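The data below hold one chain only, encoded as structure tokens and taken in the form predicted alone.
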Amino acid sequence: MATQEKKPENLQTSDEHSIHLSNPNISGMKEDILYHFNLGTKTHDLQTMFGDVKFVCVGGSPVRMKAFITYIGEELGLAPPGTDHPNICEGTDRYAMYKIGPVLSVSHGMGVPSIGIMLHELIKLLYHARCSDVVIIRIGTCGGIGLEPGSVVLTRRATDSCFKPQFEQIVLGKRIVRNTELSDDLNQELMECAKEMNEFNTVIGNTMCTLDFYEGQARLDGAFCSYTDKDKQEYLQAAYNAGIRNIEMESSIFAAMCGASGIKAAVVCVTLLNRLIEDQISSSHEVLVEYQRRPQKLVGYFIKKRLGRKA
């Protein structure tokens, strides 16, 4: 039987700031090495490097996250076109990290294990840097359910493959369940930005997070398939009826870890196809590139508005 995780009584916080570490061991460490970022509390002045961060945007691809920091740098007037932004994590090939002004852009790889490792070190980085009032937004791509390709989905809550709004993890042989609700206030703020932009369809819905791209997402085109097209259609229709509007592979642990750390978070993903119609992405490269820019444009608009810049 799974156990609903209780919030620890003694949270480690950066003063009265909003970053919480549910780990009393951190305060007693002489040095905290953020191994997969190639950063550490003794080797780097994390507060000087990252203390002004207010917006963290994460996504699977290092190339996409470098493109985002280039885009936001130009949008905020902090970097001229063509500026080359250095990878802060250059000493490792696990993740890539870029920063300009109050915006941090970090890649997280593909799937729950990869983003989970990254989030542990990212949350500790923000804690050590004594950041406050931070917003973390995952931007990415997904498969839509009942939506036209190119639609942007803001995740209300992440569900597992059985449509349960929870993230379950095995800790010391025990099943621990964490909540996967995301910030309603932040979603409403992003939706208002989308309405002001009026450039593409944007909806708020539940997101199914799976551990696999093929069978786990009811595709018929993997190396293995133990079900029929009829089975697939019934499953995806049941997901739609449960309020699920898209499928991806990171939202559940993202929502759970940000929530446990007291960080406002959102997931903003663009649909590349409607899974009720097809399994394989058939749009042209040019169309897909334009789709992938949509979450960046919406989040960029949101950041500019938050900073009082002309949108």
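If you're wondering where the values come from, they're calculated on a predicted model, not measured in any experiment. The first residue of the sequence shown is number 1, and the count goes up from there.
What comes next is about the form predicted in complex with a small molecule, which is not displayed.
*For residue 281, is any heavy atom within 4.5 Å of the small molecule in the predicted bound form, or not?*
Judged by the heavy-atom cut-off of 4.5 Å, residue 281 is in contact with the small molecule in the predicted bound form.
*asked:* Contact with the small molecule in the predicted bound form for residue 249, defined as at least one heavy atom pair within 4.5 Å: yes or no?
replied: Residue 249 belongs to the contact set for the small molecule.
*Tell me, yes or no, whether residue 141 is in contact with the small molecule in the predicted bound form, where a contact means a heavy atom of each within 4.5 Å.*
Residue-level check for residue 141: yes, a contact with the small molecule.
*Hey, in the predicted bound form, is residue 46 touching the small molecule, heavy atoms inside 4.5 Å?*
Taking the distances in the predicted bound form, the answer for residue 46 is no, it never comes within 4.5 Å of the small molecule.
*Within 4.5 Å of the small molecule in the predicted bound form, counting heavy atoms only, one of 252-260, 50-58, 30-38, 265-273 shows up; tell me which.*
Among the listed stretches, the partner-contacting one is 265-273.
*The unique member of 99, 157, 219, 124 whose heavy atoms fall within 4.5 Å of the small molecule in the predicted bound form*: Of the listed residues, the single hit is 219.
*Heavy atom within 4.5 Å of the small molecule in the predicted bound form: which of 235, 163, 227, 213?*
It is 213 that has a heavy atom within 4.5 Å of the partner.
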